[in-house]
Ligand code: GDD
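Heads up, the chain below is alone and in the form predicted on its own; it's given as structure tokens.
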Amino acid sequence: MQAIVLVGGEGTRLRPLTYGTPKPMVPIMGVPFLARTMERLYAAGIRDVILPAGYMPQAIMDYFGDGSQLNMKITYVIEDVPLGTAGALKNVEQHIHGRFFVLNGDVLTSMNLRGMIAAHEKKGGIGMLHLIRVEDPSAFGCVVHDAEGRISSFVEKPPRETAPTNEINAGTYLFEREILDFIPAGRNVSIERETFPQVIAAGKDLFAYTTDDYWMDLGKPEQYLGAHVDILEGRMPMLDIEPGVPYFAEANVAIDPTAKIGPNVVLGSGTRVGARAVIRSSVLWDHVTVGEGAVIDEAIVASRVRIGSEAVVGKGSVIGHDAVVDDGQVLQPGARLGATEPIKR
């Protein structure tokens, strides 16, 4: 079985973090998110992965190569223009040989892929969609299905009070190759708005696979931070992470004994934290320097940033690669600091 991981997006909502790092390479607990996805695929027995890439693809290719170091095969297909979810699948059609998974490149979930395979084999049909239940479906696309799981319609971002269901599309699909026959070539095609309705209208069965697993869209800074809190507190299981620790530090991290770190802090490799510094509910990437008496609260700090002595980084702030917060500088809550255009690497 194969898998297609959609990694073509620019990650505009995560800027300035994605001005130096493509969204799939943004770290989760110190490891690029795409590498976490590869781990899930490997655990499910999948060794053949296709990556439709568009934004800064070289960074992805340099990290993963041909996949041989992971005992996997990786095929890259570069999109010159955005093609949408279905368009991206059609664009890699020549590399697809049979049944295949499709995973959104910015969704963190604990859903067991083997369980979804078993459910699809039992139900049959042209494909299966992973759904989750949410309290308020108005920001998502609702999926309506019968008691057998057979999908009948899709309702995009309905008002909460009129939503026909609270089950939403969770961004993991399992398809038979036949679905590619419903996708036109050479243009942007939305799988939710165009392909799925056409498949249903043609009398082909799409089934729902609804679970209560952990699920988070990592597209916004607050969601990215929230995912780390969930991992550290054990709501999102991760094999190499011990839940319940006050903070997680990678290799070569130096913390002054008078600094106060935690709860829910991630410190990247080579980070240095000075005397009396305070860091709470924040994610610092590699080689960040935090000066004496600095305070960082619920913020994301990208690689090689220097936070000056007695500086304050307010809640919800996002600091891009190589930025400098001067000594004594105060960043107001929600501040964005860093590059204002993509860094070419």
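Model, not experiment: these values are computed from the prediction. Note that residue numbering begins at 1 and tracks the sequence as displayed.
Only in words, not in the display: the form predicted together with this ligand, which the text now covers.
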Discussion item. For a quick test of understanding: in the model of the complex, does each of L17, E250 and A302 have a heavy atom within 4.5 Å of this ligand?
Written reply: no
Worksheet item: Counting only heavy atoms and a 4.5 Å cutoff, which of 174 to 182, 144 to 152, 256 to 264, 209 to 217 contacts this ligand in the model of the complex?
Response: 209 to 217
Discussion item. If the cut-off is 4.5 angstroms on heavy atoms, which of these, M116, I168, I241, M236, is the one near this ligand in the model of the complex?
Written reply: I168
Worksheet item: Tell me, which of G105, G127, P221, G274 has a heavy atom within 4.5 angstroms of this ligand in the model of the complex?
Response: G105
Item to complete: State yes or no: in the model of the complex, is some non-hydrogen atom of E79 no more than 4.5 angstroms from a non-hydrogen atom of this ligand?
Response: yes
Fill in: this ligand contact in the model of the complex: E156, any heavy atom under 4.5 Å
yes
Item to complete: Using the partner position in the model of the complex, report whether L232 sits within 4.5 Å of this ligand, counting heavy atoms only.
Response: no
Fill in: Any non-hydrogen atom of E192 within 4.5 angstroms of this ligand in the model of the complex
yes
Practice prompt. For the stretch 230 to 269, return the residues whose heavy atoms include at least one within 4.5 Å of this ligand in the model of the complex, in the order they occur.
Written response: none
